[in-house]
Ligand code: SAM
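First, one chain by itself: the form predicted alone, in structure tokens.
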Amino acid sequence: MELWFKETHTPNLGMVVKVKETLHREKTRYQDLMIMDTYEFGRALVLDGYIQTTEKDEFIYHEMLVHVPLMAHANPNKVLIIGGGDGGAIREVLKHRKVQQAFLVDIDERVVATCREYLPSLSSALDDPRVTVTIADGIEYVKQFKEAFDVIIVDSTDPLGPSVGLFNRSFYESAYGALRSGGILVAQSEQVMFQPDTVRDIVTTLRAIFPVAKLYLAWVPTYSAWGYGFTIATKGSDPAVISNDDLEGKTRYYSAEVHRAAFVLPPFVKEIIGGE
């Protein structure tokens, strides 16, 4: 018998993936967690029925989520990641030699533990001495700090369940306060073609808080049939301009050319977000 996993992106659009086997499944305190092995994408982390990351294409998402803000910041010494319990974002952060401390805050300890077991290619960097892993609510965690971080990366799930609050203005205001002068925030921002209202809301809200907020795009096969959005907000600098030269590790998607090109938006996307 063939086993297929179906994920719905909209009421009228979805994706199916042929599955070799389910390696792990449990109901955590916060969500349904599953690791499945697929024929096309290798092992995949699934939360509440949505694919979060896969071995085959995770590098696209993690490289673009991390290297754009860290290369736009001249001196990213201290980095905070909200979510990202799989460890992929931390792995990319540690490719920057200027990073002295990296903090990962995830609400669900079972995600971290399970990814350590089943997705070591993503999670192995969590044991680096520069990394501190805290199991906590990222919304409450950020409120504790004032001008503490150079870069904050919001590596959240979709705006459902425990992640809903990470898309609210109050969280973004707390993040603004937790950033040092010249600080940068980046947040995954959903599918531009099929979730335009969500993308617009994120960009509009961040524009109301930060001096500069821009959308950029990448193409992640398991996330969307079209470009996937990231919103980057700064305390004044232009995130499309590369201000750093400390990236030492190998990248497979990110490059200086891709960095600049990611901010070139088609006219219909500009219309969605109301300008650049």
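In case it trips you up, residue 1 is the first one in the sequence shown, and so on. Quantities reported herein were computed from a predicted structural model and do not represent experimental measurements.
Below, we turn to the form predicted together with the ligand, even though it does not appear here.
- Proximity to the ligand in the predicted complex, defined as a heavy atom within 4.5 Å, singles out one entry of Ala178, Leu94, Val105, Met71, which is Val105.
- Interface membership of Thr38, defined by any non-hydrogen atom within 4.5 Å of the ligand in the predicted complex, is ruled out.
- Though the partner is left out of this view, Ala44 does not reach within 4.5 Å of the ligand in the predicted complex, counting heavy atoms only.
- Of the heavy atoms in Thr234, none are within 4.5 Å of the ligand in the predicted complex.
- Although the partner is absent here, Ala148 sits far enough away that none of its heavy atoms falls within 4.5 Å of the ligand in the predicted complex.
- For the candidate spot formed by Asp137, Leu166 and Tyr223, every residue has a non-hydrogen atom within 4.5 angstroms of the ligand in the predicted complex.
- None of 195 to 203, 105 to 113, 71 to 79, 123 to 131 except one has non-hydrogen atoms within 4.5 angstroms of the ligand in the predicted complex; the exception is 105 to 113.
- Of the residues in 51 to 69, those that come within 4.5 Å of the ligand in the predicted complex through at least one heavy atom are, in sequence order, Gln52, Tyr61, His62.
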